[in-house]
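Presented below, as structure tokens, is a lone chain in the form predicted alone.
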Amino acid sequence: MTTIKDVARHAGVSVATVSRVINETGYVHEDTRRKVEESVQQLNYTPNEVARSLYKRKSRLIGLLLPDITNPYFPQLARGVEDRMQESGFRLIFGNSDESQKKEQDYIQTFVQNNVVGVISSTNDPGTASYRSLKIPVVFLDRISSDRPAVYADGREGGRLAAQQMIQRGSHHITVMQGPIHIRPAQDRFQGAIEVLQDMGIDYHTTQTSSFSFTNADRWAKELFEQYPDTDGVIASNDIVATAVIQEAYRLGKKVPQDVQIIGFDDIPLSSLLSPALSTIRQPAYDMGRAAADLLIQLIEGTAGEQRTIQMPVQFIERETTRKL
């Protein structure tokens, strides 16, 4: 790996001169600056971002913490964050907590040790002391915090839309799959669906899921039809679980959507590639990531206004797991 000493030797100058050019500090003659820049390019030298930030006392590093990168929804969030940060010259340090509080705390400590100037987190526990003790701006993404900046989708409206569409398309015995009880957006979408079903006097049941991951999705799908075999409509907690429900329905000889309609939540890329393609509630994941990044940049630069909680709209995406109106 090329070092700053290699650049200095190649350019025929001192290490201190190379440092002044890279960090844009102090006077360097134009001819000398050009030689250093040519050497940096020819040797493909990449300065250490952490070291530069400590030297200049001005970091361009951001910590991004996600709960489960195997869920295709979260990389969509991350891409939105990254693209917006790149536009403003920031770089990301990424952490995957696997929905573990210990891993989450370890990553937060790693962020601090690497001198990040802000954190974007899709944590399951936004109220913990780990975040309250941070001296840098934090924005929660796809999560809701009562007292910190946050960007999230309108989960309650998403639940309402799913229930309304299910009823309008002819389901009478609906099962709602409740997401993890410790994640507020999951409970918002669950409550939204229940409100509509109760208001309309529709027969419904509920089942409980404990995460949004692939791990137990097939088991939850099997338990649903074992407990409620007459179900003719399923509002799943997310697209991954909905995919497992489709597979279980076919295993049982049920036709989708003729015998059972299924609506997911998120609209991950896989949803449109399934057969039948999954009807779902779309959360604008990429736009949410960009909005969170934009809000964090404003907080870092001291330009943020009073609006520090951003709720983004959702929409029903009709595909093949629901009947035509």
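Note that this is a predicted model, so its numbers are computed, not measured. One rule holds for the numbers: they count along the sequence shown, beginning at 1. For clarity, a rigid core is taken as the largest C-alpha set superposing within 1.5 Å between two forms.
Although not depicted, the form predicted in complex with another copy of the chain is the subject of the following passage.
J.: Of the options His182, His172, Arg132, Lys103, which one has a non-hydrogen atom that comes within 4.5 Å of another copy of the chain in the predicted bound form?
T.: The residue in contact is Lys103.
J.: Select from the listed residues Val28, Val40, Ile300, Ala291 the one whose heavy atoms reach within 4.5 Å of another copy of the chain in the predicted bound form.
T.: Only one listed residue qualifies here, and that residue is Val28.
J.: Would Val138 sit within 4.5 Å of another copy of the chain in the predicted bound form, counting heavy atoms only?
T.: Contact with another copy of the chain, no.
J.: Just checking whether Gln178 would be counted as a contact of another copy of the chain in the predicted bound form - the rule being heavy atoms within 4.5 angstroms.
T.: No.
J.: Whether Thr123 contacts another copy of the chain in the predicted bound form should be assessed with a 4.5 Å heavy atom distance threshold; does it?
T.: Outside the cut-off, so no.
J.: Quick one: is Asp203 in contact with another copy of the chain in the predicted bound form, heavy atoms, 4.5 Å cut-off?
T.: Answer no; every heavy atom of Asp203 is more than 4.5 Å from another copy of the chain in the predicted bound form.
J.: Does another copy of the chain come within 4.5 Å of a heavy atom in each of Glu195, Arg282 and Leu295 in the predicted bound form?
T.: Zero of three within 4.5 Å in the predicted bound form.
J.: Choose one stretch from 92 to 100, 140 to 148, 163 to 171, 225 to 233: the one whose residues place a heavy atom within 4.5 angstroms of another copy of the chain in the predicted bound form.
T.: Only one stretch qualifies here: 92 to 100.
J.: Check each residue of 100 to 120 against another copy of the chain in the predicted bound form and list those with a heavy atom within 4.5 Å, in sequence order.
T.: Contacts from 100 to 120: Lys103, Asp106, Tyr107, Thr110, Asn114, Asn115.
J.: Quick one: core overlaid, is Gln298 moving 2 Å or more at the Cα between this form and the one not shown?
T.: The answer is no, as the C-alpha of Gln298 shifts between this form and the one not shown by less than 2 Å after core alignment.
J.: Taking the rigid core as reference, does the Cα of Thr17 move 2 Å or more between this form and the one not shown?
T.: Thr17 C-alpha, core-superposed: shift of 2 Å or more.
J.: So that I can tell if Glu37 moves, could you say whether its C-alpha shifts by at least 2 Å between this form and the one not shown after the core superposition?
T.: The answer is yes; the displacement is at least 2 Å.
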